[in-house]
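Just the one chain here, laid out as structure tokens, in the form predicted alone.
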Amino acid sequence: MATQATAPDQAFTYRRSPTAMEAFDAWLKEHGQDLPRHTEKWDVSRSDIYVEDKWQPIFAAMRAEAPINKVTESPYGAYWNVSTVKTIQHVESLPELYSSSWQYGGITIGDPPPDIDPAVLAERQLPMFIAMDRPEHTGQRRTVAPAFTPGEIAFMEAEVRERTAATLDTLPFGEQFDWVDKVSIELTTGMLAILFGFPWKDRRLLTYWSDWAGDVELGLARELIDVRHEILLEMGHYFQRLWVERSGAEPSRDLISMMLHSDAMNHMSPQEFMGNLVLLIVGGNDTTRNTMSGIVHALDQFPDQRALFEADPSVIPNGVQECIRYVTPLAHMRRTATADADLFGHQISKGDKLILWYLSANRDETVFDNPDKLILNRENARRHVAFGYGIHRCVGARLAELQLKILLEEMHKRRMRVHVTGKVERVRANFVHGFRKLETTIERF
């Protein structure tokens, strides 16, 4: 049990390279020809359409012709595409029928290799509350929810603003730099370090672990599955040390302390502890990080909206919702049917995998006019489903919104106009949707 372990060896060395992207790119160069083929028209599990940013017309055609459809063969097995706001909200409103539980497959499209040893699989399963059904989900979510109440968000606002201002003040005007590294990663890993009470000098480990945990495509490279597990064990080792250090201390505001002093979470197995760490790290890092990058990329793509932002900062609060809709930093979530069901005329069988494409729903023409355009004053921007819907709606949504709002406010205060002037590298993934590199140059407006 997590609470029964002795203090880990503090001299342990934590690897920091290669990154998940570097490891997968190296594997692709050697084994790319061995990748399974995507042969079906609506098989949108293929990562090339996301790294090359050409997914939009594919999903637009799907929404028009077959908003719910079944892919019978893919590298991830058979699955149903669910692609509109109405259909996704319907599925998410029935959590007992359409399960999120790790016991049925969890929340991402991938499944374990079919030939993996059952004992090894049991050891590597990482339950987390987003991949649980009620009642387990309810108790564990309630444990961390107090960190994201309106009162806590208000308490953190001054620190978020101070850190955002300090980061922006380090940026060079007139010189090209990588916005992802200098701004998006720095701000989000710093926020995570504060939430966990994580040692500041090691905060970039949170980014490293987040990428290894969140890149679903690593499952296509059998050798990297083992490396991923080893790296997540290192993450668990580090956090286990923090757990032991705080086990004799008074309760505090950080997430480790909240879990430690919770009846719902203080007897977690090591796998469950690691699973919830992965959830909080990926949820708090990849999503906000990629939206912070997506915002400046979108404003560069739509100069009329950048002009609106520069002329009228009152559009920022609503603009944050629109940017989240437009970027959609997590492309999908998965559900698994626990019984036979009719889904708008489609016969779903018990055990079927359903992939809820948030990326598509946020471009749903029946909900959003001109959905492929960024419109900062869009009246119904808040109808986006980027945070999910129902009992699994993102617990940290308010904090993400605060970070993005403050970033735009502080950029405006400095009259900071960001141009994309160099390399743009997107994430090669069908789950995390965003940027690895975004070379920019800033000037004053």
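Nothing here was measured: the structure is a model prediction, and the numbers come from that model. Note that residue numbering begins at 1 and tracks the sequence as displayed.
Although not depicted, the form predicted in complex with a small molecule is the subject of the following passage.
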item: Stretch in contact in the model of the complex with the small molecule, which is absent here, among 223-231, 174-182, 332-340, 243-251 (heavy atoms within 4.5 Å); value: 332-340
item: Proximity to the small molecule in the model of the complex, single hit among 408, 62, 400, 381 (heavy atom within 4.5 Å); value: 400
item: The unique member of 420, 28, 394, 58 whose heavy atoms fall within 4.5 Å of the small molecule in the model of the complex; value: 394
item: Partner proximity in the model of the complex: residue 283 to the small molecule, non-hydrogen atom cutoff 4.5 Å; value: yes
item: In the model of the complex, residue 163 touching the small molecule (heavy atom, 4.5 Å); value: no
item: Close approach of residue 376 to the small molecule in the model of the complex, 4.5 Å, heavy atom; value: no
item: Touches the small molecule in the model of the complex: residue 191 (any heavy atom, 4.5 Å); value: yes
item: Site test, 297, 321 and 445 vs the small molecule in the model of the complex, non-hydrogen atom cutoff 4.5 Å; value: no
